[in-house]
Structure formats: C-alpha cells, structure tokens
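Just one chain is shown here, as structure tokens, and it is the form predicted alone.
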C-alpha cells in the first residue's frame, strides 16, 4: 500500500523541477514513473523484494535506485534536495484548482508569492490579474478554486478511504477473538468522497463474554503502529487518525454484539436520510429500530442479520450502494429494485492509453492484462493531437496505430483489441480528426481537455455538437471534474443526457477515483433517458485496468443494471451497436 505515497513523491519531484525550470525530459520521465507506480495493483514493496520491479516497463535503473532508497530510509535524497530549493509552503499552491506548476512558477518568480494566503492577497489587490498570462478571468477562476478547496477540506477520495480501511482491518484480523469485520458508512455505500471511515467489529460469542474483550480490541486498534493520534478510546468504541501513505484519515472502530451486528451494520451504513425512512416505516408498524435491533415492545424481532431488518419491515433487501433515499425504499416495497451491475458482468474496457501517448505499455501488454481479467475486448484510446502535453497522436501516427492493432489481433486468441481514440473536442465543437480517419476506428470517445472554465452555453454546445458526429460513440468524463482538485465544468448535464439519447451516444463513467465522472446521480438520469453507460478505467498502464470496480460501483449507485452498461455486450453486440449510429 506504499504505491500511492511513492507515486505522489515522484509527481511532486516533477512539479518542483517544473517550477524551478529543470529539463523537460526529466520532468516527463518522473511523471511517467509516478503514473506507472500509481496504477500498480500489487504492493510495490513486494515487487521490489522479488526482483520483479526491475522488469516493469518504464522503471529504469535511476528510478529503481530511488525506490530502493525509499524503502531503506523512508525518503529519497533527490526529493529532499528539491524541497530545499523552494519555500516550505509553495507546493500548497498546486492543490488549488486552476494552478499548475507553470502558474506556481509565474506567481513565485514574478510576485514572490509563496503561500495560499499570499496568493489570496495578490488576487484581492489585483496583482495576479495584471500578471502576463493571467488576467481578470483567470484570477477570478483561481479565487473560486481557493474557495472550492477550502470548502472541500476534510473530505477524502474513495481510494484513500479504502487504503485506511484496509490497514485497520488487516490489523484487526490478527486478533484471534475477531469473528466479523464490516466497513460501514459512506465507504460501504461507495460514495465519491468520504468524511471518516466506520468499521464494525464482532467477537466470537464465547470469547466476547470474556471480561475486557471489547476494550482489548479497541486497545489493539488505538495502539497500532499506523495510528497518528488517538481521539477517543472507550469500552466499545475507538476513534483515531490513521496515517496512510497519502493522507491522514479518521477511523472509528466499534465493537458490536453478534446479536446486534446486522442492525448495527444497517444503522451505521446509513445514509441518514435512508435510515429516517426506515424508522418511519418501523414506527407505523409499532416497532422500534435502532443500532441494537428491531424491537416489538421489549422483544427483539431482528438484529443479528441485516437482511432480516428489511424483511421484517416489509421490504426487499436494499443494497448498500442504493441507500441514499432516492426512491430505493419505495422500490423495495413494490419488489421493483434493480439487479445492479456487477464486476463479473464486465466484458471489456473502453478507455486505455499506451506508450503512443501518455501510457506506459504497448497494446499487446494491455491485451494480456485484459485477458487475465477475463475480458473479451479492450479499446486502445490514446489522446489526439491537440493534447500535446499527453503526446497526442497525429493523424499519421493514429493511422499507423490502427494497422498495428489489426496485425496484433491476427495473433491474439481470446481477446480483441479495439482500435479507438480519445479525440479532443475543439473550441467550436469540431473534432481533432476528420471523419475519414474516425471511420477506420472501432470505437471513438470524445472529450474536452481545454477551456473547461468556459461559460455554460459554450461547453454544453461543444459537447452536443461532438455527439452529432456519427463516429463518436461515447463522451469521456463528461463534466471534467477532478475530485478535491477541480470543479466540474458548468455544463448543462440534462441537455447532454437528452442529446446522448437522441444521437445514440454513450456517456462514460470514468472509473479513476479522481474522477468518477459521470457522478452517480447523473448516471441515474442517463439510465432513465435510456442512455447507455460506458465504464472506462482511463488506464495508463496494465495495472490501471484494476480501477474498474470504482466505475462499476458508481454506475450501480446510479441504479445501473447489466442492460444499461455497454461493457456487458459481447464483441458482436458491441459492433452492431456502433454500426447503428454510423448507418443512421
């Protein structure tokens, strides 16, 4: 689980080098290494110990030496030397939406701004707007970014919460008396951001009655080596700040009686709104529902098993992913809950990048990784020429890649590589490639990467026009948001969804935990409009394909079934689906 920390460290070195004006080749090299490490599903320390890390494409001798140094000493000398060359709070500016390394370099060198407070002052006095390359609009956007950052403080990404939960549950399973462990709260519901992590623990009945058993469980948690600060430590509950490799996370552990474990799982999973609805039903039935069980008078009628709570209330069991009071209670009454999309239903991935643009491996390597996941197809969707920073492909390079993929498919068995592209939607709504070239592709996704802060009408019109193209099959990360870093575009999503339905265009659910875009509520609106969802990992390495569960959970939170998701189609069905728009 040290992958994220190492990835962030290499990314930070690249940021510092860009701020102080180091060689562009070295900067890009560090960013690529950061991406490779971030996408690895296997603990990098295990790969290093088994001599497999040196064989990973993109990890050279120099980067390998730095990784080895990190595991030996806990730091990297080159990183420490770079940090010493800049003011201590300068890197905080990079957390502001709209402020990249170039912007930080400009305000540092020309305005002597070294902190967020000083940047706010520069905005208020008008100095930032007067700086070449900024102006009033950009200064206002950065001000909004600072406000957005201040509002989002305390929320963490889903992957960060899962990292903390994994650390704690691994620790708890080492305790012999533990029988059940259940993460709860927004983490169990797979919400896009998490406030704190709730974990329920139950001990075996025989030992649970032993004097001091719950206290010993809490003590084992609060004294674990990864604990940064203990906030509370009672008889049955412990609350502490866990020091993960990416950020501190508050984790609450509760020891629950086996007789109440189901009720506690329901209660602490929430959401608050969902629980209110259940309590209303219980009250009408002259029952009482709380974290200890469902009671009729003094008699407990349900408690050990979560499903029984719903059954006794006259409801079908509601999957935790749906517990947001968005109609799930009514559907449970009418036996009309959807059979949610599951990871096992996925037959392919529509969004993967290779070495040709900003990925880290060849199409053949992605194909092998996809086959290992039992996929039937994978779409190579490298960036187009306008994404220069991502080494986007020119028409000539894309044409050559299409030929390469066709030859690769002649050799492959059990998996098909689709020739695709992530084509930039230009300012006027036109596409980076002409229709003749797009017609040679098996699957085309279109996306906006520039001008995200443009007015609502402009970004919406760009997207709608792109969907009018008969060769565009999917709009990637439709809102353009980055959780905790960049706000979504001010785009008219209902209009986008309506036009997607009219033009036979899918909308992507980007599975990267930084994006999760479409968000769950927009997924539900899209499904109700009969728009297909296409889940894409946006993988930049073979390991990045492992992000698919995040996308599946987000789609499921939007009530997606197997029939709503393009990835569940067979290769033949997918080909027919693509053809339907082209021949309309």
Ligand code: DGT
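For clarity, every value in this text was computed on a predicted model and none was experimentally measured. Whichever C-alpha set is largest while still superposing within 1.5 Å between the two forms counts as the rigid core. Residue numbers count along the first chain shown, from 1.
Form predicted in complex with ligand DGT: not shown, discussed below.
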Report yes if any heavy atom of residue 485 sits within 4.5 Å of a heavy atom of ligand DGT in the predicted complex; otherwise report no.
no
Going by a heavy atom distance of 4.5 Å, is residue 189 a contact of ligand DGT in the predicted complex?
yes
With the cut-off set at 4.5 Å between non-hydrogen atoms, does residue 398 touch ligand DGT in the predicted complex?
no
Whether residue 272 contacts ligand DGT in the predicted complex should be assessed with a 4.5 Å heavy atom distance threshold; does it?
yes
Quick check on this chain: which one of 508, 349, 198, 382 has a heavy atom within 4.5 Å of ligand DGT in the predicted complex?
198
Just to be sure I understand the contacts: of 279, 296, 204, 79, which is the one whose heavy atoms reach within 4.5 angstroms of ligand DGT in the predicted complex?
279
Assert contact_stretch over 80-88, 263-271, 224-232, 424-432 against ligand DGT in the predicted complex, heavy atom within 4.5 Å, equals 263-271
Spell out whether the Cα of residue 18 moves at least 2 Å between the shown form and the other one when the two forms are superposed on their rigid core.
yes
For residue 31, is the C-alpha shift between the shown form and the other one 2 Å or more after core superposition?
yes
Under comparison with the form shown, the C-alpha atoms of residue 194 and residue 98 in the predicted complex shift by 3 angstroms or more, placing them closer
CA-CA separation of residue 539 and residue 18, closer or farther in the predicted complex than in the form shown [shift of 3 angstroms or more]
farther
